[in-house]
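As structure tokens, one chain now follows by itself in the form predicted alone.
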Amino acid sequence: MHDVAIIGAGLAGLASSIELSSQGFDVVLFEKNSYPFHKVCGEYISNESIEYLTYLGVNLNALGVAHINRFSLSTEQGSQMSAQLPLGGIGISRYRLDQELANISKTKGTTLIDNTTVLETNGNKIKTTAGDFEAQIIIGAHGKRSNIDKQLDRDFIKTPLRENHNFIGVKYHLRADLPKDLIELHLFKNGYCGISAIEEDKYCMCYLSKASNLKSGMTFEEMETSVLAQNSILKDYLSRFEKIYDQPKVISQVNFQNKEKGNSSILFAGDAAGLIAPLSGNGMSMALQSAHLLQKEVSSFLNQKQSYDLALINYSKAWNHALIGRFRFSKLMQSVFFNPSLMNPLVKTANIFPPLAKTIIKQTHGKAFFKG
């Protein structure tokens, strides 16, 4: 029997595995894909996570990260604003960062089994396409929505997505001639698109759209031409910049909500614990922070210092204390983004009174959560 089994080797799963393996625990980590691979993600990490990533063993400069300290925004109606990022961040592809973390995890002793799907959990037992396993404790870091959520009959799975709350996410990597220190956010009808630099002179373009924008039989390129291109800046970018891969990376049935942090047999981290609206640019940092919070409680349980039930209670409290405020604020701001009658006056006000933009940005970011 393993000490810990982790389902999903994204940021939360990998960070958890590194911390727990480093403490001498026997950790097995399952990933349905084969490394390296792309994920739909804005690929911007707030500087609040830098010390933690360094602690995990990541040499960010060696990975060629882009350092980002400016922000700009445009609306479909042509309003624009720009601001300095109070904290700033870095741009790095998930393809490169996840691969680096996976390598570190294995050197720490984690048994990482990729190209493997977890089919079912039952108490301490895990049934996978690579065989059956057992662990004292199971962490679910499997992302936004998975078969495990269905098998566990989680609340958000039982409730059908309302059309107004059903989103799709689409990501490309581009060759572009944009400033490397700038992250851009461009609004279109029922959606928004983020663009920022990553490694190797590439840029990540990732957009979120209500599913209703993609009409029956329509391709993503047709939706981009008919919907995204109504924003003149996006129209220019879509026509001018080279897409590095032909087909976009896509996720569907995306819904932004807080979720329970665990049940009687599994504890959740990353997007499985709560999915923040991506306009905050802070989903990657939240995934990392949730992993750091969770490993403390898991370690205490494995060292017989607290019960499983108390570990769940303490983790839920810590998650809410650290993250619930910006989670709620980002959800509120997303509703404003989708309302031009509110968004355009807000942009104009921010241009007249620049501290407003800085205040809003600060509400979506936290402070450095790890001190080495």
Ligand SMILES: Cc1cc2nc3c(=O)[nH]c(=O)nc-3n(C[C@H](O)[C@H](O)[C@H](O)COP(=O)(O)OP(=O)(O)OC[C@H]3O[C@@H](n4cnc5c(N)ncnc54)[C@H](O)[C@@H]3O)c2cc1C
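Note that the structure is predicted; figures quoted are calculated from it, not measured. In case it trips you up, residue 1 is the first one in the sequence shown, and so on.
The form predicted in complex with this ligand exists for this protein as well; it is not shown, and the discussion that follows is about that form.
Peer 1: Of the listed stretches (301-309, 37-45, 330-338, 57-65), which one has a non-hydrogen atom within 4.5 Å of this ligand in the predicted bound form?
Peer 2: Among the candidates, contact is made by 37-45.
Peer 1: So which of T75, S146, Q295, S93 reaches within 4.5 angstroms of this ligand in the predicted bound form, heavy atom to heavy atom?
Peer 2: Of T75, S146, Q295, S93, the residue with a heavy atom within 4.5 Å of this ligand in the predicted bound form is S146.
Peer 1: L234, V227, C206, A102: which sits within 4.5 Å of this ligand in the predicted bound form by any heavy atom?
Peer 2: Only one option qualifies, and that one is C206.
Peer 1: May I ask you to check whether I7 falls inside a 4.5 Å heavy atom distance of this ligand in the predicted bound form?
Peer 2: Residue-level check for I7: yes, a contact with this ligand.
Peer 1: Is R70 close enough to touch this ligand in the predicted bound form, meaning at least one heavy atom pair within 4.5 Å?
Peer 2: Judged by the heavy-atom cut-off of 4.5 Å, R70 is well away from this ligand in the predicted bound form.
Peer 1: Using a 4.5 Å heavy atom cut-off, state whether D271 contacts this ligand in the predicted bound form.
Peer 2: It does: once this ligand is placed as it appears in the predicted bound form, D271 has a heavy atom within 4.5 Å of it.
Peer 1: Quick one: is L87 in contact with this ligand in the predicted bound form, heavy atoms, 4.5 Å cut-off?
Peer 2: Residue-level check for L87: no, no contact with this ligand.
Peer 1: Go through 106-138 residue by residue and record those having a heavy atom within 4.5 Å of this ligand in the predicted bound form; state none if no residue qualifies.
Peer 2: Sequence-ordered list: T116, T117, V118.
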